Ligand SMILES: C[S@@+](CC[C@H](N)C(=O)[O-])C[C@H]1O[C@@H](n2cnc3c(N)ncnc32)[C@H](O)[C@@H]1O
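A lone chain, given as structure tokens: the form predicted on its own.
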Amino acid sequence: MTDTAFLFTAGNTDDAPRSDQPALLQLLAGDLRAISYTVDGVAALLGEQASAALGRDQVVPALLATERLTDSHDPAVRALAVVVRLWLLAVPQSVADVDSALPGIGTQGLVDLGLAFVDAGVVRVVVDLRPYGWDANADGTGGAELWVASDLAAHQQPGVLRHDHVLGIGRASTTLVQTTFRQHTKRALDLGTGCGIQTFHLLHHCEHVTATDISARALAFTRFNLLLNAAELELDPEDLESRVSLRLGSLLDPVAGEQFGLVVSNPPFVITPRRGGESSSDQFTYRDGGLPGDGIVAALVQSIAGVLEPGGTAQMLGNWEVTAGTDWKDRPKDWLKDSGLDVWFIQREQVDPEQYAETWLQDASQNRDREQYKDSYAAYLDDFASRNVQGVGFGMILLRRPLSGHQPVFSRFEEITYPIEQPIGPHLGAAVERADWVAANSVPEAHLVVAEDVTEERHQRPGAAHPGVILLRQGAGLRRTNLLSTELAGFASACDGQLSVRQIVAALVSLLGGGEDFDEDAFREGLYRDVTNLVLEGFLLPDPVQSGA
């Protein structure tokens, strides 16, 4: 490894919590578990409305709900209220109350771990520590109840965030969690791990995870979180490296020469004005990649193939600039032309330069100083104007390296801005499998059925003999809507697995053909093409009986 890509180990890293005292970590986990400091436990304590408000970073309802609970006659309720106020609301608590709520580790243990300090008899936290978890699968496997340490968020502290701020559980990180297709993988890479959210999920279906970050503080938080949750994640604190490798360095530098079956990344994709002479210490490392415009996302998608094993997949989030007079997909397509990869971009939203500036200035609390806000806002607008940018897109990216000797089978660039089913990862995975099926099979010889979630919708003018609009709608997954021609609607209605595609098309030719202007070959080819698209999008599926699935 190079000097900028080295194995990260234990230690006290610049105001990050300590992970080199396993006995204290074990005591802390035991205390938190004993008072039900979990997602469900906190929700039950606060109530539905206050809990929902806290999810929006609105703390007042939770403050009001917990004020009276710290005096509850129920010791368990009182203890949980003290801890919720201490960490989730960043309200100082007395040493006596903290010692009572967390009797195993006590106040001194929190201080020793770098989680808090004592000032005039009260305990003040210096990091956020909150419950996090996900439900088990239908077979009862895969669920988890964890705790995640990160830096205090903007609503928990005054002033602008520190530039090496370690972000907690945010919208982008949960979006990537929901987007990732979970399948067993020997080696996975979490690129830009932050506080470790993606790594926690990867450990449930991957044999080994390498987690990288350019920030030593971020890796220190990740290591703390892994060891605090060692029992739940089935990690051996004495042999962490057997399941997780933590690497310090920029982008793919820490894993040069290595390959992985799965790469996930919530990279520092935020487009931030660059200034002459700035250093990395001037950037918010959790979000700013340090390159002009959308260069960080472009560089990553163009180099990711180098760390993917044949058949390996990369899933990530990103921003891309949309310049005046172009379509949003033009830029991503240019990045990946002749890449030799399967490519799927889904744009989920697009905002104008003003909205973008407002979002990210507020994100780092840079809107609290009026003059700084004005200057920074102007810098964003000038930066975008210098490249003729009229909008910024955000979305999901899926890239796959084909198996040796195989060609790419899909290249999709689509905009889906309406609500979709979450988690969407299983549906993305199923779509990739359908693309592989189409590439390996003859669609005309296939027997198809309509997917269970698909419904048909017809619209016609009052008194009209026939519908003017026929739609197929998906109730699950990406929830697409497909406008059907009369012949395609007739085809879909006949898909019960009994007849092959070729047989149904032949019947439609007999029913609708015969006129002088009827081009039978063009009709067949057009219908085969439309049917293939319905399979790729999941409206029609290979019949499991006929296909032997």
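Counting begins at 1, following the sequence as shown. Since the model is a prediction, treat every value here as computed from it, not as a measurement.
One more form of this protein exists, namely the form predicted together with the ligand; it is left out here, but the text below deals with it.
*Asks:* Go through 207 to 215, 92 to 100, 419 to 427, 320 to 328 and give me the stretch that gets within 4.5 Å of the ligand in the predicted complex, heavy atoms only.
*Replies:* In the other structure, the partner sits against 207 to 215.
*Asks:* Just one of Q474, Q347, N229, S173 has a heavy atom within 4.5 Å of the ligand in the predicted complex. Which one?
*Replies:* Filtering the options by heavy-atom distance leaves S173.
*Asks:* Of these, Q302, Q157, Q362, S250, which has a heavy atom no more than 4.5 Å from the ligand in the predicted complex?
*Replies:* Selected residue: S250.
*Asks:* Check L191 for me: does it contact the ligand in the predicted complex (non-hydrogen atoms, 4.5 angstroms)?
*Replies:* So L191 counts as contacting the ligand.
*Asks:* Closest heavy atom of N266 to the ligand in the predicted complex, within 4.5 Å or not?
*Replies:* Although the ligand is absent here, N266 would touch it in the predicted complex, with heavy atoms inside 4.5 Å.
*Asks:* Is V443 close enough to touch the ligand in the predicted complex, meaning at least one heavy atom pair within 4.5 Å?
*Replies:* Close contact is absent here: in the predicted complex, V443 is far from the ligand, nothing within 4.5 Å, heavy atoms only.
*Asks:* Heavy atoms within 4.5 Å of the ligand in the predicted complex: does L167 have any?
*Replies:* Contact check for L167: yes, within 4.5 Å of the ligand in the predicted complex.
*Asks:* Note that the ligand is not shown here; using its position in the predicted complex, name the residues of 112 to 132 with a heavy atom within 4.5 Å of it, in sequence order.
*Replies:* Nothing in the stretch sits within 4.5 Å of the partner.
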